[in-house]
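To begin, one chain is listed below as structure tokens, in the form predicted alone.
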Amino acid sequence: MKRERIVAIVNRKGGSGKSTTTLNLAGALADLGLRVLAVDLDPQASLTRLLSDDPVERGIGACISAPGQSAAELIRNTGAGIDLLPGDRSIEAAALALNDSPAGFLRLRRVLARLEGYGVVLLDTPPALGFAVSSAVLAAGWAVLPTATTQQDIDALVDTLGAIDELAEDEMHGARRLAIVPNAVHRDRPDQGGLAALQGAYGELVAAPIPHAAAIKRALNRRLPLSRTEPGAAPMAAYRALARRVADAIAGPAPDGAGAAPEKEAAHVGAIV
């Protein structure tokens, strides 16, 4: 699997909507005719529990600890029309086992490189900067960063972008920034102020905001992407636009300046009113 077809869904903060974004982006990409694999790198395994009832005997962490083990053997078909490489707490064991390995962060890249037959691979990551996130960033060609719109969430977004940049500064070049995805955006003044701050700081990197909608919750309760439950729901326009952005990125060369820090970026992005 070429890195250009691997997309890491990252943000160090919990509640930013990473698993929800992974699920619904996967559904929208499948609608474009792409075969999608979702990889659950979160020890909490929220995406795995959402998509599969079967117990996990071996998760992706087992393959990272011993890269000779075939990840393809662990892949599950799901009722959501998305293939799943399940996660469990073995990712934590892998982090400990590889603590002293100078190439430990590159193990995931080696595991995923052996996979074939997918148009796109989405990496769902945990809400923390650490082994799993660094491994995902170094395995992927692109990074999608979901975020809420409070100042606390935006600060966490800046931290996450900084961590990606720090890897690059150490010549560990990984995922290029593809999209910042404002999640669960209300029409109220605080959310709109946060959205304006993001757009002012990051410009076209900010994707169409995902509006707050009960339809997303209903889809999660049914354990399916929104594209399968309510394809006409308002958030689907934003998910489809994000899917097109991903599809265009994986189909062509990286845009000029990809991965570079935006000129307006700062420790605090604007002032949210």
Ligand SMILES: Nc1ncnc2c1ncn2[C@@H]1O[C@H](COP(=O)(O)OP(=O)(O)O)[C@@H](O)[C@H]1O
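Keep in mind that what you see is a predicted model, and the values were worked out from it rather than measured. So that there is no doubt, residue numbering starts at 1 and follows the sequence shown.
Although it is not shown, the form predicted together with the ligand is what the next lines describe.
> I need to confirm a contact call. Of I210, L51, L41, I64, which residue comes within 4.5 Å of the ligand in the predicted complex, counting heavy atoms only?
Partner contact (heavy atom, 4.5 Å) among the options: I210.
> Quick check on this chain: which one of A184, A95, I180, L138 has a heavy atom within 4.5 Å of the ligand in the predicted complex?
Residue within 4.5 Å of the partner: A184.
> Heavy atoms within 4.5 Å of the ligand in the predicted complex: which stretch among 53-61, 242-250, 211-219, 33-41?
Contact-bearing stretch, as computed: 211-219.
> Only counting heavy atoms and a 4.5 Å limit, does any residue of 10-37 reach the ligand in the predicted complex, and if so which ones?
Contacts from 10-37: K13, G14, G15, S16, G17, K18, S19, T20.
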